[in-house]
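In structure tokens, the next block holds one chain alone, the form predicted on its own.
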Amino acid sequence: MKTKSALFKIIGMILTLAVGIFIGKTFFASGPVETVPMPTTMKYRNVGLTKDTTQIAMNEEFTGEIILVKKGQSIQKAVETAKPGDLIQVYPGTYFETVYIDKDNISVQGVIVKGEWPTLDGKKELNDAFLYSGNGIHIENFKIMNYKGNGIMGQAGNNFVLRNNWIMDAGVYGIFPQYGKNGLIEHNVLSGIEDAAIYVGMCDNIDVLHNEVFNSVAGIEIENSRHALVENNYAHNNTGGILAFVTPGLPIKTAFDIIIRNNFIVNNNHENFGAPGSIVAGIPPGTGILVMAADDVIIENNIISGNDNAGITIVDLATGGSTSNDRNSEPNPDRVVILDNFMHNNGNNPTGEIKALMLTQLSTKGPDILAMGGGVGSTIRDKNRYRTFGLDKFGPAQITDTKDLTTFLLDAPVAPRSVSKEEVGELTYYGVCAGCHTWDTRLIGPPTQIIQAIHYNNPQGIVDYITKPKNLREDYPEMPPQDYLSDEAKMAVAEYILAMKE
């Protein structure tokens, strides 16, 4: 009896303690404390301590203010009040606006609360969600949807970090750094983009890591860019998975030193819904990796599977369908290196020229690897592992892997550009206009030659048009207004366009 009595006392004490804790938490606890972690690149400051590439992109200690934006407030107004070095934290809610960042070292971080994201919704009325021209810009944790032009576009901004954004149906490009250097694009999910989900244009020293891109025309596109690492991305159900190429007619004429490795490139058989006449509109469904006129591209350790046209396609500009007369763009893919890759179930439904080529080989199945056109110095590690066509001139690879190269990001941030008054027009053209216009062929908008003819000797006409454009041609998409540019920049770029020569 004594043992039972003691046991009941112990149970009673435990129940009393539990009830007391419950009452205390329910009636006397303070309100919830919100703790939002800083963006990781604002914590990683000691360059070289680990191999994490985020440590390199930004390495100045955070000393700024934290500005909060709550539902119903404006992100753009927070940017306007922010000073270089500040962090803007945006809480869940739907924001109908375009955010333009023309200051250096501004971080904009979405705060995700119980699965609710801060969402920028363009309602198919606005062109861009984020535009930045400042250096050291960090954009993280946003849901972006229903824009007509771009989810996030960089316009000549260096040292950028674009991370963990969820971008859907954002128009022409999802994430689009243009004419930037030393940038990191990682852990983003993008879908439903009518040109390229991730488009790296005329950039240097860029890492594209751990992203998922799907249901777009091009998954990841490295165009006229140098020193780019594309690694551990999942590109699936696009028209083309990962592309590295030269677009002739742009101010930067080359694409080289590009590593495509450790990616999953699967079932890229989506119908091509690119704008008719644009370059990507010519990508055949079923394209895994496409290399067009780019040099020194290394393709290593990718899983390339279920791409109905071909796993890897390597072509020169003429074979790729370019009609440009740009004599300064070297047209051949030189020194392409194919190392070990896992290829499975590619080429099940080849189309167009590849289908015709395979019929000459008495086969209805497309190749794992296809090379057509010019080019010198290309090599492959073990050609016999794959079904190939056109690789007769490929020699044996002189390397086995690229494991010693962990990043193309620089050890220190790029110094701010020093731009003279005379250089404003060139910088604006490179950073803004060249994203949609080449010299003599269609990219997105009309060629620069046509713009010159329309506005001959009339720079003010160009200024008026880019401030308030009118869609005068049904065969071209509506041009977004560039009214955020200063009057000086608009006149400078107008004069630069009219003075351009091939």
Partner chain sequence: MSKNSILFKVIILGLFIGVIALVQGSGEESPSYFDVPKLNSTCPPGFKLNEQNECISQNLYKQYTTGNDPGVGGLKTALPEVRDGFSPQEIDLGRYLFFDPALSGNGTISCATCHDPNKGFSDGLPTSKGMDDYSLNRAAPTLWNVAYLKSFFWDGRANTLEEQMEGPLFAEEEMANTPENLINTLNSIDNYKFLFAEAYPDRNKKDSISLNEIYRSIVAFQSSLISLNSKYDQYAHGYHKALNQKEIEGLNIFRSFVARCAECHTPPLFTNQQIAVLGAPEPNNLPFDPGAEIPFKDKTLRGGFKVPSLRNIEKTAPYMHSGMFPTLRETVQFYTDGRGHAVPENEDLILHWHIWEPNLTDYELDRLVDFLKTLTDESFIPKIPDVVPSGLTTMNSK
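Everything quoted here is computed from the prediction, not taken from an experiment. Rigid core (definition): largest C-alpha set, two forms, superposition within 1.5 Å. Residue numbers count along the first chain shown, from 1.
The same protein has a further form, the form predicted in complex with the partner chain, not shown here; the description that follows concerns it.
The closest heavy atom approach of K181 to the partner chain in the predicted complex falls within 4.5 Å.
Using a 4.5 angstroms limit between non-hydrogen atoms, I399 is distant from the partner chain in the predicted complex. In the predicted complex, the partner chain lies within 4.5 Å of some heavy atom of F176. Looking at Y430, you'd find a heavy atom of it within 4.5 angstroms of the partner chain in the predicted complex. Considering the partner chain in the predicted complex, the lone stretch of 330 to 338, 349 to 357, 242 to 250, 285 to 293 in range is 242 to 250 [heavy atom distance within 4.5 Å].
For the residues N159, S216, N307, N150, the 4.5 Å heavy atom test against the partner chain in the predicted complex is passed only by N150. A single residue from the set M145, V266, I259, A275 has any heavy atom within 4.5 angstroms of the partner chain in the predicted complex; that residue is A275.
Residues Y100, D102, K103, N127, D128, L131, S133 of 95 to 133 are found to place at least one heavy atom within 4.5 Å of the partner chain in the predicted complex.
In the core-superposed comparison between this form and the one not shown, C436 has its Cα shifted by at least 2 Å. V69 shows a C-alpha shift below 2 Å between this form and the one not shown [criterion: core-superposed Cα displacement of 2 Å].
Put simply, L184 and Y429 spread apart in the predicted complex: their C-alpha atoms are 3 Å or more farther than in the form shown.
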